[in-house]
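In structure tokens, the next block holds one chain alone, the form predicted alone.
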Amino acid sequence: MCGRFALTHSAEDLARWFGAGEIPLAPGLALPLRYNIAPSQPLLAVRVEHGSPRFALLRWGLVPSWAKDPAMGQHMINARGETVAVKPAFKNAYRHHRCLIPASGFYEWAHEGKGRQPYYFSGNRGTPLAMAGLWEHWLGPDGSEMETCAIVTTQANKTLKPIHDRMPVLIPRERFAAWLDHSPGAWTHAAELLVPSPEDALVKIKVSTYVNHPAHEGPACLAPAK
């Protein structure tokens, strides 16, 4: 699974890499550096709007449009690539609402000794990662609205397998358009992208257990383990 990640690239770097225009922030606010993004928190995504990729802010934990209780999203932070086309909670988003979720890196935990040891995985070239995502729009009976998302996962590659058996699907830059394409029938080709990343695509770092607590933030989350 993917249950925590970081986004520490600048807004300028993200705009250049994803070609998605300006990031939607309140006037006068800068994009914060985030070292410990957790489920239920807002995150940055890229989706197609009016035919072009655009940044959007979504809440992590997908709530299907038909859900009666938005709390359902607490259990929908990841979507397995093997079943995403048929599982009721995800199949509509997979066909019509695919997105990219920018990350500088993500965390996975290994059971070592008596505790859980975190590892941080980032791109081998220092460029942003693009995790495959799905998003949905939910309208409550009281008129409240919510846009939420989930990260698509697949089997771990050899770099991750000693730590965890799953990893986020990482979309190469040259395939961004293919993943975001929501024209009729395009979803049938998206399955080609639901594969582990190449073995040499990621760098692994053993980091401090400070990141284990979802309330912790800041560069200390990436401090090397002692």
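Treat the numbers as computed from the prediction; the structure is a model and nothing was measured. Sequential numbering from 1, following the sequence displayed.
Same protein, other form: the form predicted together with the DNA, not shown, and the subject of what follows.
Although the partner is absent from this view, residue 49 stays clear of the DNA in the predicted complex, with no non-hydrogen atom inside 4.5 angstroms. In the predicted complex, the DNA sits within 4.5 Å of a heavy atom belonging to residue 153.
In the predicted complex, residue 138 stays away from the DNA, with no heavy atom inside 4.5 Å.
The shortest heavy atom separation between residue 90 and the DNA in the predicted complex is within 4.5 Å.
If you check the DNA in the predicted complex, you find a heavy atom from every one of 3, 77 and 213 within 4.5 Å. Though the DNA is absent from this view, in the predicted complex it lies within 4.5 Å of a heavy atom of just one residue from 192, 165, 181, 199, which is 165. Between 184 to 192, 32 to 40, 50 to 58, 169 to 177, the stretch whose residues reach within 4.5 angstroms of the DNA in the predicted complex through a non-hydrogen atom is 32 to 40.
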